[in-house]
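The chain below stands alone and is given as structure tokens, in the form predicted alone.
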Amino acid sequence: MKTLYLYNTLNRKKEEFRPINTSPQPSPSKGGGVVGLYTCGPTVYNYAHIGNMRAYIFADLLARTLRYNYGEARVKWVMNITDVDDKTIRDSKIKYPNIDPNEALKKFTAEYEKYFWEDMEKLNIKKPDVIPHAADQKYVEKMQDLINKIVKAGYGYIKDGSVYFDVAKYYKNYKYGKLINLDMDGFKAGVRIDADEYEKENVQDFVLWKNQEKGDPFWDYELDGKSLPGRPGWHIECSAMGQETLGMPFDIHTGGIDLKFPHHENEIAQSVIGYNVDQPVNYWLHNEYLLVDGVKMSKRYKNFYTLRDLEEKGFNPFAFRYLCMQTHYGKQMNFTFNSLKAAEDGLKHLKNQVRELGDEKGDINSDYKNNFFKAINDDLNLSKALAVTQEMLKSDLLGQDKLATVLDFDKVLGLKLNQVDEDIELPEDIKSLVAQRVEARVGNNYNESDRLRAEIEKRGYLIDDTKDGMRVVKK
């Protein structure tokens, strides 16, 4: 077994990964003999932007790395779907104003969840093993049970029909702000916040259960003899779903750096009190921000992109996956269309190298596999892993052994290196030029063939003459 090192936000250093469960055989029961991985999933109220998708590519690469180390059956990956929060409720009421609010929420979020999984498939991000939904009655009841425990322990209180977590009391007895080394000097006891998301400087008592506002979807809830119709707060969702699906403590929790505070910090506090654990999660991993042309992505700056935007500009989604591998997940990534174009070209070259190896697989080369292992196990050093891949492809190994080795690496890379990209739909003028070029080649008129190639490239497309015929791709 190779040694895997991961940067743990909790302790601010790279650490050897030691799974909680070391049983050699996986167990179907919760957590038994399984490496537990939890990823904060999307809030399904709109299309995910490319910054979101970078986070899920990172989580996918981590899950693949864990499986490469411990085996497919030894890893259990959970990703939640937030289908009830401030934004989903707000936008579902706008889109479906004349139907039952619970039904409106369900219909609205199902639509955007569908788009989300379509994008995930285009990026070859494997579906997690378990996908709990926050609005599912089963999980709402688990959240209510957790809130009951927090209140019973004296760390939650009812105010104006909502239930809040007492941060001041927690801070007296525990460390609050572990993930960001929070300074609590500006905290004002008794100040509450109902919003699901808020800024770092607003350290306040946060909502566990939010009182129903007129026209909002709601769930019934009774606490201390009081009827509290409403819905769960955002932070309580992941604590309850993580414990229910993986047990507690579990191994690894991932998310974007923007979730460290308040979301993940509040998860820790809730779980420490409600589940009576010293440390709910052993390893916290956070990916850094994605910038666009050096600045924060924002609709205000007109630099806000979804995967669909990249596709409309003619890019293959795999180019974005490949681009994300060039920058370590723990560093800010600067996205530009020039860098995306370079990544697409690099990926095409890599696929061509693999295609030239033929179809017959030989033996996986142990030396290169060990070097690949060292790279990915060094806190997911994907750029180094890709360098090892290129070094292997340029070596004097037999083609069959190269193919077997690169396809083994691709279990982690997830680039489908042995699959030819689907041809794009061509405009009619390009189709006509391609047909003319086919005729010229059949007639051995190579001067005309070269002229037509130049004309096609002039119009923004590239010709790839393969043993299986002519392929045309957008530049």
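These numbers were taken from a predicted model, which means no experiment stands behind them. When you see a residue number, it is the position in the sequence shown, counting from 1.
The protein also exists as the form predicted together with a small molecule; that form is not presented, and the subsequent description refers to it.
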| query | finding |
| --- | --- |
| Proximity to the small molecule in the predicted bound form (heavy atom, within 4.5 Å), stretch among 428-436, 443-451, 402-410, 51-59 | 51-59 |
| Residue among Pro101, Gly247, Gly177, Gly256 with a heavy atom within 4.5 Å of the small molecule in the predicted bound form | Gly256 |
| The small molecule: the contacting residue among Asn266, Asn287, Thr109, Gln243 in the predicted bound form [heavy atom, 4.5 Å] | Asn287 |
| Lys313: touches the small molecule in the predicted bound form, heavy atom cutoff 4.5 angstroms | no |
| 4.5 angstroms heavy atom contact with the small molecule in the predicted bound form for Thr43 | yes |
| In the predicted bound form, Lys296 touching the small molecule (heavy atom, 4.5 Å) | yes |
